[in-house]
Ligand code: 5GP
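One chain follows as structure tokens, the form predicted alone.
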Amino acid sequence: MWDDVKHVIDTSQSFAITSHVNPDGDSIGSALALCEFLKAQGKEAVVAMSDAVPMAYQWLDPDREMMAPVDEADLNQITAVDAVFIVDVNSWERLGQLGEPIQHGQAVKAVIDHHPYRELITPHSVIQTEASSTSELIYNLIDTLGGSMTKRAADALYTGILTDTGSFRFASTSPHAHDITARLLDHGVNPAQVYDLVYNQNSEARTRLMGQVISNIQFAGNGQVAWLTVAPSMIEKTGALPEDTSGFVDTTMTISGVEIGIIFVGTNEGTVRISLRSRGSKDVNQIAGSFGGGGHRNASGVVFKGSIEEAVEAVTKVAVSAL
């Protein structure tokens, strides 16, 4: 299944690798590992994201080589490459400010993803929804093509699998995912160190913001839907960063009886970034899809145009109906 991807790699010299807005461990890990692999093949490669990298993953890029968030000068460089790899997403809209320039650029586009999709944005696509993460697929790519595994790539892939499996507790955690992580340990990954760097390095500002956000949690649907709201003023007042809200939504799923959890993060650009989580058969991917977003059955995202109040009213109504 990697023949088409191999052809794109063999026939191109310069690459950009990108992923969805609000980058997470899997999008960053898979992108960085693919970048490492391409460079090892003698290619020119760079990782670019519309949004900044959350603090939990900055250690993966100590020299700040990633373009995140991109600026106008970065866009010119990205659109001039031979090929663009889009990882962990199959939607132009979910690429944020990178979506339109890449979509209309001359570069060959290829997708590697594990999310359900409605249509392919490029014929050069490898999408396996049964995979635990896109990082798992990037490992398979490197292994299939006989590439070497650097320590940095191993750390990145382990981080991607760790975070997208919920520390190996989600239903997507397959025997193959465990097999891959075992092999990554052979390449020098220190599980305790990675966990500590990802989950135990919160800033004081992020911690204070989290406390304010959780203290204002709201419920509907007889307690089965819970949601959090984050206004830009809250972020500014605590001295936190917008990316510091990453992972807040997961706290809703620690509450007994909650089937669907949502966070609404307002921006100064008139949009609201929404993340949804669910248990079992409750499908938040369908909820996200009804507003132009997407993801997995139990974890999805949306960029909503409007105010937080409008977003809360519209999305919670659909969420309660989905119960």
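Residue numbers here begin at 1 and follow the sequence given. Note that the coordinates shown come from a computational prediction; the quantities given were computed from them, not determined experimentally.
Absent from the display: the form predicted in complex with the named molecule. The rest refers to it.
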4.5 Å heavy atom contact, A299 to the named molecule in the predicted bound form: yes
Any non-hydrogen atom of G295 within 4.5 angstroms of the named molecule in the predicted bound form: yes
The named molecule contact in the predicted bound form: V303, any heavy atom under 4.5 Å: yes
Residue contact check: R94 to the named molecule in the predicted bound form, 4.5 Å heavy atom: yes
Per-stretch contact check against the named molecule in the predicted bound form, the hit in 286-294, 254-262, 42-50, 63-71 (non-hydrogen atom, 4.5 angstroms): 286-294
